[in-house]
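In structure tokens, the next block holds one chain alone, the form predicted alone.
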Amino acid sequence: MKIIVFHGSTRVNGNTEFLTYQAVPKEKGTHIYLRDYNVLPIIDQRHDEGGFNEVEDHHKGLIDQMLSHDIIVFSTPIYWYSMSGPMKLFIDRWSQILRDPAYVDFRKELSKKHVYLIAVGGDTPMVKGLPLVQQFNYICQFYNMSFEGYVIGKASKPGEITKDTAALKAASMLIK
């Protein structure tokens, strides 16, 4: 099974990345750091007569990579009780892909994927991160993807995740 990880953190070598590497070491999957790509916000043209305008950015290339893998791991810090901005931009644009004639099987292809979520937050994340878990669960339901599980870690300052031994252990056993 081929694994792809979408890292939503804007911080290089942050707590969320560290926790994610416990689940999917760098050499065990394809790691995409969304901060390194240009993904523009969606302009909602779903109801425009001509549909969506073509957008010149990295989004379709990221979609192509995602579709070539069996397992998708979304890795994001918890920002204001939700996913990070780069992650949100990436997923928001899926609405555009749904209507792209080059991706007529997008929904069907996503329905074959197994999805995991790894998130880290500092303010009681086991409770306040639950809306984020629900959000990913709903995204998976919409596309008939199999939401396999999640790990939430607790950390704020750089390096603090190493103190959350329960999250580190859970991450190491997340994908089997």
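The first residue of the sequence shown is number 1, and the count goes up from there. Predicted, not measured: the structure shown is a model, and the values here were computed from it.
The same protein also exists as the form predicted in complex with another copy of the chain; that form is not shown, yet it is the one meant from here on.
At the 4.5 Å threshold, heavy atoms of residue 51 stay clear of another copy of the chain in the predicted complex, well away from it.
Contact check for residue 108: no non-hydrogen atom falls within 4.5 Å of another copy of the chain in the predicted complex. By the criterion of a heavy atom within 4.5 Å, residue 22 is excluded from the residues contacting another copy of the chain in the predicted complex.
Looking at residue 169, you'd find a heavy atom of it within 4.5 angstroms of another copy of the chain in the predicted complex. For the options 70, 44, 36, 64, the residue carrying a heavy atom within 4.5 angstroms of another copy of the chain in the predicted complex is 44. From the list 111 to 119, 132 to 140, 25 to 33, 55 to 63, the contact stretch for another copy of the chain in the predicted complex under a 4.5 Å heavy atom rule is 132 to 140. Within 4.5 angstroms of another copy of the chain in the predicted complex, the stretch 54 to 74 places no non-hydrogen atom at all.
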